[in-house]
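The chain that follows stands alone, in the form predicted on its own, written as structure tokens.
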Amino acid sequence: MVEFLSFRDGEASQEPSVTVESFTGQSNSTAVRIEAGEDARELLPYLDRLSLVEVNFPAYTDGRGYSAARILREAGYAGELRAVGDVLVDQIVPMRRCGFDSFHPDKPLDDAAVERALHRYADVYQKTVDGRRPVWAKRHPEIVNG
């Protein structure tokens, strides 16, 4: 069973995260946790000092964390971006596409199911922050920003 999954080189951050409110009010933490409903844009002025951003998914149906990940990655955040909470195996691939590079689900995931999910499709359809060219851009190389 998979309790933690990381796609980063090196060790995953072990630093305890603080709330967004605590983080913006102090100067010594390098790990923060975004709860559902909090705005990731509050962290944009501090991206250079963050080593870990955890994004909490209180329910698998709550998709706000995907937006938080994309906002941070598009703004240039290069540190560890961890999905925590109610993370399901079928969410790992789209979460990776939005920029998540580590996962700590509430419930362990089946190893074989994770492996199948990660290798199910060779091509992707939407452009996102992970750098993979969508299949339509492969078919139409004349489109520059695919």
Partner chain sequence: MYRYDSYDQSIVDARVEEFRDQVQRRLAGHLTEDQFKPLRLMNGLYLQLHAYMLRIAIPYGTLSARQMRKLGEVARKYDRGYGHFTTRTNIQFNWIKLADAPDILAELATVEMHAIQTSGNCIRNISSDQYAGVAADEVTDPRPWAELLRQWSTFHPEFTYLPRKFKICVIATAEDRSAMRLHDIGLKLVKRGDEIGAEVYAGGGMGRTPMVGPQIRDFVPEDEVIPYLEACLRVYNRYGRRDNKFKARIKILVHELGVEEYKRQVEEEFAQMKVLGLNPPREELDRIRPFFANPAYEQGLSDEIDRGDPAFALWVDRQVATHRQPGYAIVNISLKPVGGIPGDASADQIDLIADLAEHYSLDELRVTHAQNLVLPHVKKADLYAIWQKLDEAGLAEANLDLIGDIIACPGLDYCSLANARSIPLAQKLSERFASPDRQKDLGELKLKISGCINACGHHHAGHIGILGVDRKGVENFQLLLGGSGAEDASLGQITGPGFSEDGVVDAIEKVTDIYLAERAQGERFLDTYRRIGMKPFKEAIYG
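Numbering follows the first chain given and starts at 1. Just so you know, these numbers come straight off a predicted model, no measurement behind them.
This protein has a second form, the form predicted in complex with its partner chain, left out of what is shown; the following refers to that one.
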Open item on the list: So in the predicted complex, is its partner chain close enough to residue 12 to count as touching (4.5 Å, heavy atoms)?
Closed with: no
- [ ] Mark residue 33 yes when one of its heavy atoms lies within 4.5 Å of a heavy atom of its partner chain in the predicted complex, and no otherwise.
- [x] no
Open item on the list: Just checking whether residue 39 would be counted as a contact of its partner chain in the predicted complex - the rule being heavy atoms within 4.5 angstroms.
Closed with: yes
Open item on the list: Is residue 98 near its partner chain? Define near as a heavy atom within 4.5 Å, in the predicted complex.
Closed with: yes
Open item on the list: If the criterion is a non-hydrogen atom within 4.5 angstroms, does every one of 46, 78 and 85 touch its partner chain in the predicted complex?
Closed with: no
Task: Contact set, 45 to 66 vs its partner chain in the predicted complex - heavy atom within 4.5 angstroms - done: 60, 61, 62, 63, 64, 66
